[in-house]
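Encoded as C-alpha cells, the following chain is the form predicted alone, with no partner shown.
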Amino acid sequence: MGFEPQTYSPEPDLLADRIILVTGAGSGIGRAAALSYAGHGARVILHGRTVSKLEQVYDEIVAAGGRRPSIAPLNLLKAQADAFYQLRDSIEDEFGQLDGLLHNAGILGERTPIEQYDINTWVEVIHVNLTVPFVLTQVLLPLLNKSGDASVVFTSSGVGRQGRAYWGAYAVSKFGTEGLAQVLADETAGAGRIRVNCVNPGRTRTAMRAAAYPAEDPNTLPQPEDIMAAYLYLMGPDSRGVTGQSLDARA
C-alpha cells in the first residue's frame, strides 16, 4: 500500500481545496485531525457537541493561517433523522460537494463483564459508535459521489479486531465499524469515486484513553498530533486506489 507511518511525508498542499467533515472535532484526535487537515489546505467542517470547543478549534485554524472552517454542532446521541439531512443540506448549500469524511466521534461506555453490562449503556454505545456513522455516511454519500475522489475514514480499535474481556459494547461497535467499512468499500470500489478505510489510532493521550486506563501515566503516550500521518494519508490523494483496508496509526 506504500504507507509507513514513521516515514510518510505529506506534501504541504496535500488537501488543497478539499472539503472535509470531521466528527468529534472539539478535542483529542478529532481536534488534531481538523488542525492537520486545515494545515494541509482543506476547508474543514467541524462537528461536535460543544459549540465552545468547536469555536476554539475554529480560532486555532484561522490563527494558523488555515482556510475558514465551518461549525456543525450536533448531539449524535439525541439527533433524529431530520438533523442529519439538515447537515447534508447545509454542506451542499455552502460547498456543493464533500471530499472527505472522518468518523472520529465515539463513546467508551463501560468496561465491565458482559454479564453485568448495563443494557441502556450498551444501546447508546452501539448507536453513537456504529449506527450514527452508518446513517451519516448514507446521508452524505450523494455529496461524496460528487467529489470524484472522496475518502471515508472510520475510526477502529485494536479491540475491534480481537475481542478482549470487559470491553463490551465498545469492542463490539468497533468490530461492526470494521465490517461496515468493508461492506461499503466493496460496494463503492467499482465506481472508483469513493475509497473507504479504517484507522486504528492505538495508544494515544486522549480523555477516552484516560477513562479506559485510569492508572496509566499519560506521559508515556503519544499526543494526537503525533499520529496524524495515517489520517493524512487516507484522506489525501496519496491513498488513491486504497480501499477496504484497516491501517494502524503507529507502526
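Residue numbers here begin at 1 and follow the sequence given. Note that the structure is a prediction, hence the values are computed from the model and not measured.
One more form of this protein, predicted together with a small molecule, exists but is not displayed; see below.
- Using a 4.5 angstroms threshold between heavy atoms, Gly168 stays clear of the small molecule in the predicted bound form.
- Although the partner is absent here, Gly26 sits close enough that one of its heavy atoms falls within 4.5 Å of the small molecule in the predicted bound form.
- When contacts are judged by a 4.5 Å heavy atom cut-off, Ser151 does not count as touching the small molecule in the predicted bound form.
- The closest heavy atom approach of Val125 to the small molecule in the predicted bound form falls outside 4.5 Å.
- Proximity of His47, Lys174 and Pro201 to the small molecule in the predicted bound form is complete: all three residues have a non-hydrogen atom within 4.5 angstroms.
- With the partner omitted here, the stretch from 73-81, 89-97, 136-144, 110-118 that lies within 4.5 Å of the small molecule by heavy atoms in the predicted bound form is 73-81.
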